[in-house]
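Next up: just one chain, as structure tokens, the form predicted on its own.
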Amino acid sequence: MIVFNPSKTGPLRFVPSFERAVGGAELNFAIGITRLDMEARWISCIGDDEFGKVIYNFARGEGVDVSHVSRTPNIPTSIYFKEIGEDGAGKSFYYRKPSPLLELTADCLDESVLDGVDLLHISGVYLAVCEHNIEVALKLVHFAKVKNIPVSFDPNLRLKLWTIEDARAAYEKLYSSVNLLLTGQDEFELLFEGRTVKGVQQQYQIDEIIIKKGEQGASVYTATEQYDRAAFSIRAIDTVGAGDAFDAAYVYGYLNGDDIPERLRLANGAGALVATIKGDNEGLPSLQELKQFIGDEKLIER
């Protein structure tokens, strides 16, 4: 989507001007991956309009493979306005119905869309936008299973886009195919209504459930172990996009063969860095920036 960032903090009705940028959970994740020196392919549909051109060129400029991004002249590109509080917490106001994604149906895809892919990542925001998107996601998951490709899923619950009941019903169709479930603590509690992480893991046979806890850090649950990692201490400016950065860095570590404690360290670091900069993806770190922040490399400035 096109993002309009406010020129000042506080309620949106008192904001006099906005700055145009590009955002969206799935694209943020893809950019996060490319900045960590891995390749990312983005599957989507945007409007064939000026805003769509901004998004397409921005994604391509970040090194994201846009060969499976279609453009439609029939529906305008989606936009949203962001509200930022004094503590950096954000609220989103969406204008995305109808969405260009209406024209990206399951019939548009075949197995070749995942050729050369090592992991399929799906966001719950995508599922919320159009009713048929769950069919698209399930078809992609089927292709992934045929090709023995692991699947990561972030519920990214957006109750401004649909009800909690609709979200639960859609997500329920995916859980048993998910290898990495990356969810916020509050999301987990809303989605699973008092059930334990272990209980959910055993029911759906999810390899790893990763619980993001913001300034309290994060935890990972496997079939036999629990891993906890404290957050990095920062002053948050804008928390929107921090979860996407966490996901990208965790998946980077997973594909890189890092152990879980190291993945958590990378993910917490990436999420923290994004929260220190205004914007959805402006703060997504390069691999060198991330390693410098978490202390693996020294920063030398001349």
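The first residue of the shown sequence is 1; numbering continues from there. Everything numeric in this text was worked out from a predicted model, so none of it was measured.
A second form of this protein, the form predicted together with adenosine-5'-triphosphate (ATP), is not displayed here; the remarks below concern that form.
R158 is the sole member of R71, R96, R158, K139 with a non-hydrogen atom lying within 4.5 angstroms of adenosine-5'-triphosphate (ATP) in the model of the complex.
A single residue from the set E172, D118, E189, E215 has any heavy atom within 4.5 angstroms of adenosine-5'-triphosphate (ATP) in the model of the complex; that residue is E215.
With a 4.5 Å cutoff on heavy atoms, F232 counts as touching adenosine-5'-triphosphate (ATP) in the model of the complex. Within this chain, Y250 is remote from the site of adenosine-5'-triphosphate (ATP) in the model of the complex, having no heavy atom within 4.5 Å. For F246, a non-hydrogen atom is located within 4.5 Å of adenosine-5'-triphosphate (ATP) in the model of the complex, even though that partner is not displayed. Looking at A242, you'd find a heavy atom of it within 4.5 angstroms of adenosine-5'-triphosphate (ATP) in the model of the complex.
Residue heavy atoms within 4.5 Å of adenosine-5'-triphosphate (ATP) in the model of the complex occur in exactly one stretch of 232-240, 251-259, 35-43, 49-57, and that stretch is 232-240. Proximity to adenosine-5'-triphosphate (ATP) in the model of the complex holds for none of N5, G85 and G88, with the criterion being a heavy atom within 4.5 Å.
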